[in-house]
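Shown here is one chain on its own, the form predicted alone, set out as structure tokens.
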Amino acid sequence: MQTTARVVVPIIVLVSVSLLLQGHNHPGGGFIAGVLTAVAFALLYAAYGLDYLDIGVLNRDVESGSGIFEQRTVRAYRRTFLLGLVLAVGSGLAAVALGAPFLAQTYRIVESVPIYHEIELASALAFDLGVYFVVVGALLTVISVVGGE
């Protein structure tokens, strides 16, 4: 399972980022990208245990059974949720501040970009990013709390 997780998790995260970035033009967006990211974390938790991110990735000292993981990690996931909520609502209120209806969207074409030549920057990406963080924060909070039981 650990070997499979090492191969599959980066692929899941790459597909998740791709779906997030194409969501305003094609099927996809913040919700499904957030679900896929949470699936990648769930796979890591199933393969390596809940303390893997703290010990193996972030090099934090965690005493097993201390409950420090749950407190610190759940707080981080809640902050992710709140950041997403602020981004999603903020993207709607920004339109109102500019005299447009709530959640009105626009885009700009940026030219002279190396390699790509031009890129379309859509304001819908801010909303999708907010939804992404809300979904990731909520699902990882649930996974961490239930997994810690």
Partner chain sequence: MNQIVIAPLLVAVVAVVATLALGRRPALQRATSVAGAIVYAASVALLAWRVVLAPDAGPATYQSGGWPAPFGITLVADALSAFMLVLAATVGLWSVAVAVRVLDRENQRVFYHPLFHCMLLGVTGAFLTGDLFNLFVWFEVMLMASYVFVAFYGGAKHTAGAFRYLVPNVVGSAVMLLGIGGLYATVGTLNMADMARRLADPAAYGIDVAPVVGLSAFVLATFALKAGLVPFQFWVPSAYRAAPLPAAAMLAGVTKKVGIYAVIRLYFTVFAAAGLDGATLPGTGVGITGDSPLAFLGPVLLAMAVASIAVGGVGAVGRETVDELLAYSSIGQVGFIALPVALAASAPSGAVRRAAVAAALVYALHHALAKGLLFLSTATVRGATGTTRLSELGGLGQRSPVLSAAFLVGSLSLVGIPPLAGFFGKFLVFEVAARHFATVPTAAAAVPLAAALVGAVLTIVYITRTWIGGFWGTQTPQVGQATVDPVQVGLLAALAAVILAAGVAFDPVYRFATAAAEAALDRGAYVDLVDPAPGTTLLAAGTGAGGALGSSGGAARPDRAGERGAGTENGNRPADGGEGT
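Numbering follows the first chain given and starts at 1. For clarity, every value in this text was computed on a predicted model and none was experimentally measured.
If you look for the form predicted together with its partner chain, you will not find it shown, but the lines that follow are about it.
Participant: May I ask you to choose, among 47, 39, 50, 85, the residue with a heavy atom within 4.5 Å of its partner chain in the model of the complex?
Facilitator: Filtering the options by heavy-atom distance leaves 85.
Participant: Please tell me which of 43, 89, 35, 55 lies within 4.5 Å of its partner chain in the model of the complex, judged by heavy atoms.
Facilitator: Answer to the contact question: 89.
Participant: Wondering, does residue 114 line up within 4.5 Å of its partner chain in the model of the complex on heavy atoms?
Facilitator: Result no; residue 114 lies far from its partner chain in the model of the complex.
Participant: Though only this chain appears here, would residue 31 touch its partner chain in the model of the complex if you measure heavy atom gaps against 4.5 Å?
Facilitator: Heavy-atom contact with its partner chain at 4.5 Å: absent for residue 31.
Participant: I'd like to know if residue 27 sits close to its partner chain in the model of the complex, meaning any non-hydrogen atom pair within 4.5 angstroms.
Facilitator: No - in the model of the complex, heavy atoms of residue 27 and its partner chain never come within 4.5 Å of each other.
Participant: Using heavy atoms and a 4.5 Å limit, would one call residue 119 a contact residue for its partner chain in the model of the complex?
Facilitator: No, residue 119 stays farther than 4.5 Å from its partner chain in the model of the complex.
Participant: Counting only non-hydrogen atoms and a 4.5 Å cut-off, give the residues of 101-139 close to its partner chain in the model of the complex.
Facilitator: Result: 101, 102, 103, 104, 105, 106, 107, 120.
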